[in-house]
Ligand code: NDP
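So this first bit is one chain, no partners, the form predicted on its own, shown in structure tokens.
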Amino acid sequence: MKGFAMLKLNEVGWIEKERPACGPKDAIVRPLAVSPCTSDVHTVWEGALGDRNNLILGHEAVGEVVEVGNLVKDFSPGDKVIIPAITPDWEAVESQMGLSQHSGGMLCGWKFSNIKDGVFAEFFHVNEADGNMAHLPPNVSVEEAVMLSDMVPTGFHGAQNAQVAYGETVAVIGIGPVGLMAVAGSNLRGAARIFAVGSRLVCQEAAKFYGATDLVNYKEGDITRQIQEANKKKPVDKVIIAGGDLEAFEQALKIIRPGGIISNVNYLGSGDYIKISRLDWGLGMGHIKIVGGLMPGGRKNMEYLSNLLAWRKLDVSRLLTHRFKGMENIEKGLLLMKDKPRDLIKPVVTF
């Protein structure tokens, strides 16, 4: 089969590989829609995971089942399915501890384009199909549904880990597709005021659509000062970091209240250390929690999220700014995520 791969650090290209084999609990899927991700950019051009050779990229896909193992109960060839970016081993000890994202070790629930070939291929493998795939609702398009693979659950996980509650004030740093879904997730959880930090107009407009009440442009000055002035020097309740660089943690600590939560869902692709201010952290005694979390995978989460699309509680169409048809355009979509043109939020490639 053909696949689009990381050949080595800073180099991508098309390769030929054997079609993956299907285990008794697994499935082989043909992609119908995929979406390149900034995580792929971090992996290839920043070496965030270390060197990878001839590893097929991609972890966001909706597809059609072509083969299932003899122990798979709920899926058959021809079924259209949503596959999350995180596909845990559900029998692992870590999964039994409620940490399925780390089944088998740190971040090992993240398999596609990390520890095995990803979805940018003619076929890809899904482990434990009954636990890691969800049926595509008939009234949800494959283009919309592919946003459920990573963007929606990652942004929502940011709001969930922040424990956003109704009436609260939340700041979201970084309003790419994940940050926009953090805005939407905070809004659905009842946040009253949401500061959205970003500079691109297309993202600012989408942030307002998803529930942001205040827009903060980091190119117009220090974001902590802008938020403090707008909020009449009162601290915010929660901060979700969905973009930016390592300085975002220092900025978050300057605006958070005692007892607040800073929730990071940003893939920190470069740098060695995160600096936090001793004073802003209340000399270490401010009861301020800093939480970082990989999005949850699994079938049930995909089913709940797809319900939001099926029942029109969430509209992800604003994320889809660039649409391509044909597998050959995967590289074009990936380079868009690398170059980040001003009109980009998210590219989708349909097959």
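This one's a predicted model, so the numbers in the text were calculated from it and none came from an experiment. Each residue number is its position in the shown sequence, starting from 1.
What comes next is about the form predicted together with the ligand, which is not displayed.
Item checked: 4.5 angstroms heavy atom contact with the ligand in the model of the complex for Lys289 -> Contact check for Lys289: no, nothing within 4.5 Å of the ligand in the model of the complex.
Check: Even though the ligand is not shown here, does Gly211 get within 4.5 Å of it in the model of the complex, heavy atoms only?
Finding: Outside the cut-off, so no.
Note to self: So in the model of the complex, is the ligand close enough to Leu57 to count as touching (4.5 Å, heavy atoms)?
What the structure shows: No, Leu57 stays farther than 4.5 Å from the ligand in the model of the complex.
Check: Taking the shortest heavy atom distance, is Met327 within 4.5 Å of the ligand in the model of the complex?
Finding: No, no contact at 4.5 Å.
Margin query: At 4.5 Å between heavy atoms, only one of the stretches 32-40, 49-57, 303-311, 63-71 reaches the ligand in the model of the complex; which one is it?
Written below: Checking each option against the 4.5 Å cut-off leaves 32-40.
Check: the ligand in the model of the complex: within 4.5 Å of a heavy atom of each of Ile28, Phe112 and Arg299?
Finding: Checking in the model of the complex: none of Ile28, Phe112 and Arg299 is within 4.5 Å of the ligand.
Margin query: If the cut-off is 4.5 angstroms on heavy atoms, which of these, Gly185, Gly118, Gly260, Pro177, is the one near the ligand in the model of the complex?
Written below: Spelling it out, the residue with a heavy atom inside the cut-off is Pro177.
Note to self: Going by heavy atom distances of 4.5 angstroms or less, which of Lys80, Arg193, Arg200, Lys254 would be at the interface with the ligand in the model of the complex?
What the structure shows: Checked against the cut-off, the match is Arg200.
Check: Is any part of 203-239 within 4.5 angstroms of the ligand in the model of the complex by a non-hydrogen atom, and which residues would that be?
Finding: Counting only heavy atoms within 4.5 Å of the ligand in the model of the complex, the contacting residues of 203-239 are Tyr218, Lys219.
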